[in-house]
Structure formats: C-alpha cells, structure tokens
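Just one chain is shown here, as structure tokens, and it is the form predicted on its own.
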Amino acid sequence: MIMLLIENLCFRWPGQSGWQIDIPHFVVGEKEKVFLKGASGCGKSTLLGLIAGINTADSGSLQIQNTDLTMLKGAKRDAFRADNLGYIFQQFNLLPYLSVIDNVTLPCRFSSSRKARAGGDVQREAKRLLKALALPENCLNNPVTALSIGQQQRVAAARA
C-alpha cells in the first residue's frame, strides 16, 4: 500500500524567486522508513509542513493514504491531520495555559478516530505514553511552562 505519493510538487515562499520544493516523483510504501537529511535551510521542515498539510503547495499532488492534500481546503486538511498524522512543531506549540495531560489529550477533542485509537480512555492512554517517554507522573497536572525544554519535547511527542 502506498502511504505517501508526491507528483510534480512545487512550493515557494512568498517573495522568493525560485522553488524551495520541486519534487517530480516520490513514493513511500507501507512500513517503509525514510530519513530526511539536508543542510540548514534546504527545505526539510517546509517539506514536512507540506506533508502535514500545514503549508500548501503551489502545484502538484501530495497524497497520503490516497487522500490528495492539495485538493483539500484548510478545515478539511486540519481534520485529516487530526485523524491521521502526528506532527511535532519545531517550537512544540504546546498550550501554556493547559496542563501536561491536557496538552497530550487535546487532539482527541478534535478527532474521534484518535479517541477511538486510545480505546476510549484518553487519559489512561496519555499517561501510558508519558510514562513510556519517562516523564515523571508527579508533573502531569502541572502547566507545560513548568517543564524543561526536554520534557516539553516529550509532551509534544506524546501529543503527536
């Protein structure tokens, strides 16, 4: 099964003359692993933003599990991402006014399929993930702003 299919994908940031992303063809199959490597500023994060539906391509096709993200409008792309993708932002984008556990369970408020994958007990699944990432249980109800950067990164990973 094809998990990711890119065809003639082009993207440029506003005000730029050349393409930051220009991919004629790229395929990732089910259970395949991909390592993305490149110099700073070469477009790695931009490509991941396109794959996650955060950025939108200027032209071409980007299909994830047979859904072409380039054909979806903003709200539909957001819903697709909530149901099908985990994404860790470079700045984590944790909500500072929420606790650790509330940040991790937040995506389940937007996606019934994520909630179903958690077995219906979102709190228990969040605690399991955080424990697996070695986050101390005594900090789960603390605001994320009380955590170290490394701990915040683990919260972002559990949320994804």
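Position 1 is the first residue in the sequence shown; the rest follow in order. Quantities reported herein were computed from a predicted structural model and do not represent experimental measurements. Superpose the two forms; the largest set of C-alphas matching within 1.5 Å is the rigid core.
The following text describes the form predicted together with a small molecule, which does not appear among the structures shown.
**Study point:** Candidate from K44, R109, R128, R117 lying within 4.5 Å of the small molecule in the predicted bound form - any heavy atom
**Key:** Going through each option in turn, the one that passes is K44.
Exercise for review: Although the small molecule is absent from this view, report whether Q16 comes within 4.5 Å of it in the predicted bound form, heavy atoms only.
Suggested key: Q16 belongs to the contact set for the small molecule.
Check your understanding: Closest heavy atom of L147 to the small molecule in the predicted bound form, within 4.5 Å or not?
Key -> L147 belongs to the contact set for the small molecule.
Review point. Taking the shortest heavy atom distance, is V34 within 4.5 Å of the small molecule in the predicted bound form?
Key: Although the small molecule is absent here, V34 would stay clear of it in the predicted bound form, with no heavy atoms inside 4.5 Å.
Check your understanding: So which of 93 to 101, 61 to 69, 109 to 117, 34 to 42 is the stretch with heavy atoms within 4.5 Å of the small molecule in the predicted bound form?
Key -> One stretch meets the cut-off, namely 34 to 42.
Point to revise | Core-superposed C-alpha of P136 shifting 2 Å or more between this form and the one not shown | key: Indeed, P136 is displaced by 2 Å or more.
Point to revise | Threshold 2 Å Cα movement between this form and the one not shown for L147, core superposed | key: Yes, shifts by 2 Å or more.
Review point. Taking the shown form as reference, are the C-alpha positions of A79 and V144 brought closer or pushed farther apart in the predicted bound form, with a change of 3 Å or more?
Key: Relative to the displayed form, A79 and V144 move farther apart in the predicted bound form - a change of at least 3 Å between their C-alphas.
Practice item. Taking the shown form as the reference, report whether the CA atoms of R81 and V155 lie closer or farther apart in the predicted bound form; the distance changes by 3 angstroms or more. Key: The answer is farther, because the C-alphas of R81 and V155 separate from each other in the predicted bound form by 3 Å or more.
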